[in-house]
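Single chain ahead, by itself, as structure tokens, in the form predicted on its own.
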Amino acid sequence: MTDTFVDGRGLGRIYHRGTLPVAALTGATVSVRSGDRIAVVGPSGGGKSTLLQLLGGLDAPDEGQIAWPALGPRGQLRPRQVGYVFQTPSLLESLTVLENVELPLLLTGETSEAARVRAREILAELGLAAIAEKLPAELSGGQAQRAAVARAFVGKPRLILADEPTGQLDHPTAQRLFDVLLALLSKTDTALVVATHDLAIAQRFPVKWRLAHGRLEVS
């Protein structure tokens, strides 16, 4: 039986520009199950980031209901159940790559020794062992984003959400990042939902959600 990680029904999210309400998402019904590979595509400002924030429990809908049947309550989703990759790496500048990657485990109560071992493992899997002791300022854009992927994966989450993770990378570097990311997931039931404007990336996913003006189409 396939686990349902996210079940959202009639989701709506409204922001305000001054006194003017703006519907970022309207009536979206979605389901994410174990092993899913989903690309969320659409124009900038179409609601992709809003949807991912709802899926990961980073934000709450103004309309509709959302639950995480196989993952648990919203307050316990991150970082163990849900890993998040942002458009920019968002690494802590004062910490080395290794320290950035092990941080989510330390925050969940993992021992420093176990966290370090696991962080080194995931860095090796991503081909980043050689830069483990470097600071973020010393990295290329591709290295920094792969380090952010390592940080999202280190706790072995069941759902990975990636919001335009290649938005600041050139096309070859973006494709290499996804080669590594999809390879990491190939033998797991971890679900992956990626918001992207890159149609070449989207074509690598069997399921596509299209968002425009806050309205969702699933194909």
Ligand SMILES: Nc1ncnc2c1ncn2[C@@H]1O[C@H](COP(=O)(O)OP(=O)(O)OP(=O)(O)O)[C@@H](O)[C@H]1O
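All of these numbers come straight from a predicted model, not from anything done at the bench. Each residue number is its position in the shown sequence, starting from 1. Between two forms, the rigid core is defined as the largest C-alpha subset superposing within 1.5 Å.
One more form of this protein should be noted, the form predicted together with the ligand, which is absent from this view; the next part is about it.
Checking Thr29, Ser186, Gln65, Ser44 for any heavy atom within 4.5 Å of the ligand in the predicted bound form turns up a single hit: Ser44. With the partner left out here, the ligand still marks one of 149-157, 36-44, 186-194, 172-180 in the predicted bound form; by a 4.5 Å heavy atom cut-off that stretch is 36-44. Contact annotation: Gln87 falls within 4.5 Å of the ligand in the predicted bound form, judged by heavy atom distances. Contact check for Leu11: no non-hydrogen atom falls within 4.5 Å of the ligand in the predicted bound form.
The closest heavy atom approach of Val22 to the ligand in the predicted bound form falls within 4.5 Å.
Looking at Thr50, you'd find a heavy atom of it within 4.5 angstroms of the ligand in the predicted bound form. Superposition on the rigid core between this form and the one not shown places the CA atom of Gln87 2 Å or more away from its counterpart.
One change in the predicted bound form concerns Ala183 and Thr88, whose Cα atoms lie at least 3 Å farther apart than in this form.
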